[in-house]
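As structure tokens, one chain now follows by itself in the form predicted on its own.
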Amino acid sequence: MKILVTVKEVATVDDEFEIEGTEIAERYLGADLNEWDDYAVEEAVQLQEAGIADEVVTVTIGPEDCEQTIRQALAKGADRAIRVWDDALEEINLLDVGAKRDLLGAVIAEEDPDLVLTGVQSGDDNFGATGVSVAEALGYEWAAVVNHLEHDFEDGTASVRRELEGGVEELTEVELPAVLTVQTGINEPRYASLRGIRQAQRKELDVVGLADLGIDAAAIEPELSLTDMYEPESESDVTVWEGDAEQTATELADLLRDKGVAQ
């Protein structure tokens, strides 16, 4: 079995920051592997260690600067990586789901994996539709918000448990090839070992452009544009009582009566 995992370097922000135009000032930004993608990588590596997956390939969209972050997946056990980038992408200030679908979809079609794992969402722009969009475009079956995956794949079928609204979970099966968007908690992502980090520097990392994927730049023009950025106003109305249990319970009861919650 061949597994492809989509991964992304996401921006992290200091507690205190400043906004310049439609961007957070770079001096307040850091970078890390997207949290949900980390769980997807771990699930793929566990399948490889169980002797089910023969190869784990990661793919990302990003400039050369993101390679150090993406190599985290290689350090944790992925066999090789593919980075998609092109000068035409430099001019785009917001790569929307449609563009990601086309770029990642082209790589997946070329690699022809049995299973695609993605994080359920990204931690910076909070897009959560890329995995499902890729599946629909390729005609793959899919399951979203997966928090458990059986590792037997009997009859070419993935048996998964997915999280629904209100704490409800659904057990379902999807035929391979399939795309699963992975929720946090499906496993416990490992830390990369020192040996793994050294090995990651020697693993294959291919860079492909739009021409390599047969995609015209005009075809991935985003339908969304970033027009403004601001820090949302927050309000808090918190009452803190200090004292013993009887005293604070009495004061809480008085407040609830005043608010009309209790009589």
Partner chain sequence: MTDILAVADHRRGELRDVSYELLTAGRLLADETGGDLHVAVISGTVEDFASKLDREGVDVVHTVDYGEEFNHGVYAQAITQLYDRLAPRYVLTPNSVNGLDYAPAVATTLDVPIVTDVVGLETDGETLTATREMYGGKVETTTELEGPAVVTIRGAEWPAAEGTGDAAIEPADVTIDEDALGSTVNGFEEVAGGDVDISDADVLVSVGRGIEEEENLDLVFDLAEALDATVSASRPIVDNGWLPKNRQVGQSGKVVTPDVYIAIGISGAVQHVAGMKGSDTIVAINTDPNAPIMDIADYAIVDDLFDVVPALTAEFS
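What we label the rigid core is the largest C-alpha set whose atoms superpose within 1.5 Å from one form to the other. Numbering follows the first chain given and starts at 1. None of the values given here were measured: they were computed from a predicted structure.
Heads up, the form predicted together with the partner chain isn't pictured, but that's what we're talking about next.
- Contact between residue 154 and the partner chain in the model of the complex is not found at the 4.5 Å heavy atom cutoff.
- Of the heavy atoms in residue 20, none are within 4.5 Å of the partner chain in the model of the complex.
- The partner chain is not drawn, but in the model of the complex it has no heavy atom within 4.5 Å of residue 218.
- Proximity of residue 77 to the partner chain in the model of the complex falls outside the 4.5 Å heavy atom cutoff.
- Heavy atoms within 4.5 Å of the partner chain in the model of the complex are found in exactly one of 139 to 147, 67 to 75, 105 to 113, 82 to 90, that being 139 to 147.
- For the partner-free chain shown, 161, 162, 163, 164, 165, 166, 167, 168, 169 of 155 to 169 come within 4.5 angstroms of the partner chain in the model of the complex, judged by any non-hydrogen atom.
- A displacement of less than 2 angstroms separates the C-alpha positions of residue 17 between the shown form and the other one, with the rigid core held in common.
- Once the cores line up, the CA of residue 139 ends up less than 2 angstroms apart between the shown form and the other one.
- Relative to the superposed rigid core, the position of the CA of residue 235 differs between the shown form and the other one by 2 Å or more.
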